[in-house]
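Listed next as structure tokens is one chain, alone, in the form predicted alone.
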Amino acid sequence: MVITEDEIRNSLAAILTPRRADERMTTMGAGSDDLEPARAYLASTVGGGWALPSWPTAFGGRDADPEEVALINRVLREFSVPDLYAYMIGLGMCGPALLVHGTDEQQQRWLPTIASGAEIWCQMFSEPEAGSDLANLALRASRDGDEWTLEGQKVWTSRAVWARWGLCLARTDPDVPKHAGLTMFAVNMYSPGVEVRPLVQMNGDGHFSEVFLTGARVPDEWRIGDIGAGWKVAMTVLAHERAAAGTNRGGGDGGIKGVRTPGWLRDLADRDALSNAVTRQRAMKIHARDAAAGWTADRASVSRQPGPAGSGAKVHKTFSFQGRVYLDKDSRGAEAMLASHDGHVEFLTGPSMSIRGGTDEIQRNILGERVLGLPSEPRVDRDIPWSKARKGEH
């Protein structure tokens, strides 16, 4: 049965409060460690599937088609939604990967608790010596009967300080080319042998962490996908990460399209900053690109699966976020030297936007190769066993 906009609005009004015109929202978790408002929101919306409308009803969604999803998300912008940063890896990355690659038992075990906010997930991909070359990771998983033993280190693991579960990409075969020897596992972050060490960022947050796995044991039933097929699972996760990084979901303040002026523009106008022609020009450039990106996202919403265009959305999101917070600082004059004004934490968060969710350089490579059809970057180690390539034996 087709649901109307008024029916959605009435259902949401029963569990949420309308969003105030002057309401400021945190972005990417900056400055916030309060998990309970978002957990309560997810628990209250899971019955109607409002937070995850495209998910199956059995797992906390409502089996909505892309048009209904877009309508629900548009109406949701009218309400005050807590910052979902702590939960977004589960909601936007691990959950979708489990829907594609998980077994029936894994989906039934993990998806309902992701949807309700009962359990937080993190993603353990990056490593200190792998850099942007994710497939060059070294954390080993060795089979021991019906279990695996994990040894190694991950870094830049967002949400690990809160997570009950982690999606961990590990090397199970070092004697094949790097992409072919990887396997994905779900790891209980409370298990013996798992140590989480928060890394404090310059904006004061401790949401990134390094994670050490020393003899951590994982049942084979927690393996996601086939042995050696971890890269395929990782690509599903990363495609959803890029798509999510290019949206305002989870705390961004882009305004309600066609109804209200974006909050960041209202802030500039209230301080009379837009009377300056240079400031006004910079602001309109950002606003115009935001509008174009929104229309592009609307056209892409007919597809249920994110593709390489998500990299374009992520590059734009970085431009928009950094442009807004740097413009805000520049427009404040001497006050900008102080840490007491609204927007200072977001300003300190700005540089990280070029790194989190995949670096700008990686995103542009993806766009060049997979969207524009440009020649690929040279990759001399693609067909060489990882154990040799890692040592430079090629």
Ligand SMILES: Cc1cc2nc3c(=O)[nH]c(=O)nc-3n(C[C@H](O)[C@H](O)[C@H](O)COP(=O)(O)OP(=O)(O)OC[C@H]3O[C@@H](n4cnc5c(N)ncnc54)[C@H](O)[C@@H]3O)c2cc1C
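Since the structure is predicted, the reported quantities are computational estimates derived from the model, not experimental observations. Numbering starts at 1 and follows the sequence shown.
Although it is not shown, the form predicted together with this ligand is what the next lines describe.
Asks: Among I355, A40, A58, A336, which has any heavy atom within 4.5 Å of this ligand in the predicted bound form?
Replies: Selected residue: I355.
Asks: Looking at T261, T103, S132, S275 here, can you tell me which has any non-hydrogen atom within 4.5 angstroms of this ligand in the predicted bound form?
Replies: Comparing distances to this ligand in the predicted bound form, the residue within 4.5 Å is S132.
Asks: Quick check for you: of 321-329, 50-58, 64-72, 360-368, which stretch puts a non-hydrogen atom within 4.5 Å of this ligand in the predicted bound form?
Replies: Of the options given, it is 360-368.
Asks: Do S311 and this ligand come within 4.5 Å of each other in the predicted bound form, heavy atoms counted?
Replies: Outside the cut-off, so no.
Asks: According to a 4.5 angstroms non-hydrogen atom cut-off, is V155 in contact with this ligand in the predicted bound form?
Replies: Yes, V155 lies within 4.5 Å of this ligand in the predicted bound form.
Asks: Taking heavy atoms only, is C168 within 4.5 angstroms of this ligand in the predicted bound form?
Replies: Heavy-atom contact with this ligand at 4.5 Å: absent for C168.
Asks: How about T183: is it within 4.5 Å of this ligand in the predicted bound form, going by heavy atoms?
Replies: No, T183 is distant from the partner.
Asks: Can you tell me which bits of 197-212 touch this ligand in the predicted bound form, meaning any heavy atom within 4.5 Å?
Replies: Counting only heavy atoms within 4.5 Å of this ligand in the predicted bound form, the contacting residues of 197-212 are Q201, F208.
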